[in-house]
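Shown below, as structure tokens, is a lone chain in the form predicted alone; questions about how it binds or moves come after it.
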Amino acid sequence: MTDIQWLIGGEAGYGIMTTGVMMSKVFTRLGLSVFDYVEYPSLIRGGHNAYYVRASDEEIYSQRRGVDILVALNRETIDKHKSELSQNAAVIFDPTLVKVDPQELFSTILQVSVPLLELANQVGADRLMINTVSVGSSLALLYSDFSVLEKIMQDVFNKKGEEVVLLNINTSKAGFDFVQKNFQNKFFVHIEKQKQKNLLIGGAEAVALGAIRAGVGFAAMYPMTPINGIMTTLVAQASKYNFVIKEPEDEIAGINMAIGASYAGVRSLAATSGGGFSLMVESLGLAAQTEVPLVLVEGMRPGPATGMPTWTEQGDLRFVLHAAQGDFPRIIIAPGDLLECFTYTLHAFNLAEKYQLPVIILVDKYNMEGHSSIAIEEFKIQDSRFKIERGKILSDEEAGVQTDYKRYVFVEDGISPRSLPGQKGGIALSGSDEHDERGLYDEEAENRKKMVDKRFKKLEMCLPEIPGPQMYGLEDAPLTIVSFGSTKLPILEAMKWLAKENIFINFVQVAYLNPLIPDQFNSAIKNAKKTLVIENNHQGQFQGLLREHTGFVSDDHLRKYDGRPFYPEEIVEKVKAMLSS
């Protein structure tokens, strides 16, 4: 079995991110299952960056603790990560740039001393391209054919011209040749190419592709970690798929632009982090009051205030649930992996238009900025199943025969037929104040109650379309983990490890957080013997939500709020402790 974790670390500005993605692509092209994860400080410039890439010939779901190959572009990387090295790891470094005492590492660790800077200079590259030399050096430890990396270099740098392509190929080849000559067969892992063909994609890209497939016509987002990948992907595809992507002056403008575009009849998206969502709250109420469909992505990261902008957490659950002045319905969905980022985005657009309300996709830095490999067929299957459903939009013919059109007419299901600007006869008034059926200002008590009931009726009507919790593992297990969002990834990895020790547990994933349907959840956990709730926040927001809506009280919990995701090792340790008590 092959299971390798590679890590490159160095100062910001040395292409750590680019190199990490490059290595993920190498492993993916070799047919392995891949997961990567990046850490970087909340600084405009400088600081230590680290990119983890794990690859295996078995399916994997998350990173793990042990590092098997450490590429150290500076001394700080050794200091920060030497405690993570596995017993038979390899450390790649340039001895002229990184001083390593032979005695400070275990004797079983392979010290791969490579003149990265000298090799870069020999092929005409500058100091910044030592990262490219290190990719070739890393590949040579694991695999004997350079052509896989050469093809990736051609694909990645093709748009920059032949000269840039050749420079990158030659630079990485210099590192590859040096390690092959001096360290061949000295590392304990040698990769065999697998037959499967996978796609490497990140959660942010998956959300963007889901929006495109759902027919997005307008998107507005002010750049903020961790949703920037959504924005860059949409920018790259806007011309091809004929939609507008706008970077507004701030988050308030962004959500209001999206609301305006939706009112005009196009499917609209806004995306931000918790800090940006704080500014959007009043306008979120505007979308609800005017019953304008809106899909909003909220990327969680540690707060309060600016907090730790480039790290991960799940501390915004209660915020998005209750962000409002007054009561209004909203749907909240928390995808757990990259395929769900795609499919739940598709569903979000349909729900927003069918029920004319805001739908919030709740994500975090961990699943937005990480990448995973997935079979291309998985996306094709989900794509083929999806059909755009726009709800009660009047056709031009229907709008044309309207003589007394009431945009907010009281109807049994609470969903009034929607006209679009420019349709003959379909004139509608919308405002942020409470209004009557026509949209005119109305503060009478009877009307107010009927309008609130009308808006909340839509949440009741959508219940048949809300999927219940997903169960993973055997139903009759000694312990049941309950969680939401990206914690799914290390939980599934921990379950796989436990199964190898003949410890079989199960996992109930709650992805649709509002409305949370008690019967669905209680049915999913009816046979649970011991329960453990796992979440990335201090207060147990998810655990409290479950108790509030279903009466569920868990036997124990595992929480983490240091800005890092869970490691599967932490979950394995907790599960074993619970089962032994």
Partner chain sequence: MTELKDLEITYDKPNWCPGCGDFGVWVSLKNAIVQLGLNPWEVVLVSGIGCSSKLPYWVKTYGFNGLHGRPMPVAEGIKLANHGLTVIVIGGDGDQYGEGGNHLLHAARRNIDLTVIVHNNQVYGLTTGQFSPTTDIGEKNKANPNPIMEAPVNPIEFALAAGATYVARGFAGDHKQETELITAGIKHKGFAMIDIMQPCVTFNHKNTFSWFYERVYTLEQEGHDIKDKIKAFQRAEEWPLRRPLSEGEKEKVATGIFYQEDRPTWEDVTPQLGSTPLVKHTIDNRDITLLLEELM
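Everything quoted here is computed from the prediction, not taken from an experiment. Residue numbers count along the first chain shown, from 1.
Just so it is clear, the following notes concern the form predicted together with its partner chain, a form of the same protein that is not shown.
For the residues V189, I427, I503, L97, the 4.5 Å heavy atom test against its partner chain in the predicted complex is passed only by I427. Of the candidates I252, V411, A324, L110, I252 is the one whose heavy atoms come within 4.5 Å of its partner chain in the predicted complex; the others do not. Using a 4.5 Å cut-off to its partner chain in the predicted complex, each of Y241, F342 and G422 places a heavy atom inside that distance. When contacts are judged by a 4.5 Å heavy atom cut-off, F379 counts as touching its partner chain in the predicted complex. For the chain shown alone, F218 is a contact residue for its partner chain in the predicted complex, at least one non-hydrogen atom being within 4.5 angstroms.
At least one heavy atom of Y263 is located within 4.5 Å of its partner chain in the predicted complex. The closest heavy atom approach of R267 to its partner chain in the predicted complex falls within 4.5 Å. Heavy atoms within 4.5 Å of its partner chain in the predicted complex are found in one stretch of 486-494, 72-80, 307-315, 192-200, which is 192-200. In the predicted complex, A428, L429, S430, G431, S432, D433, R438, G439, L440, Y441 are the residues of 428-455 with at least one heavy atom within 4.5 Å of its partner chain, listed from first to last.
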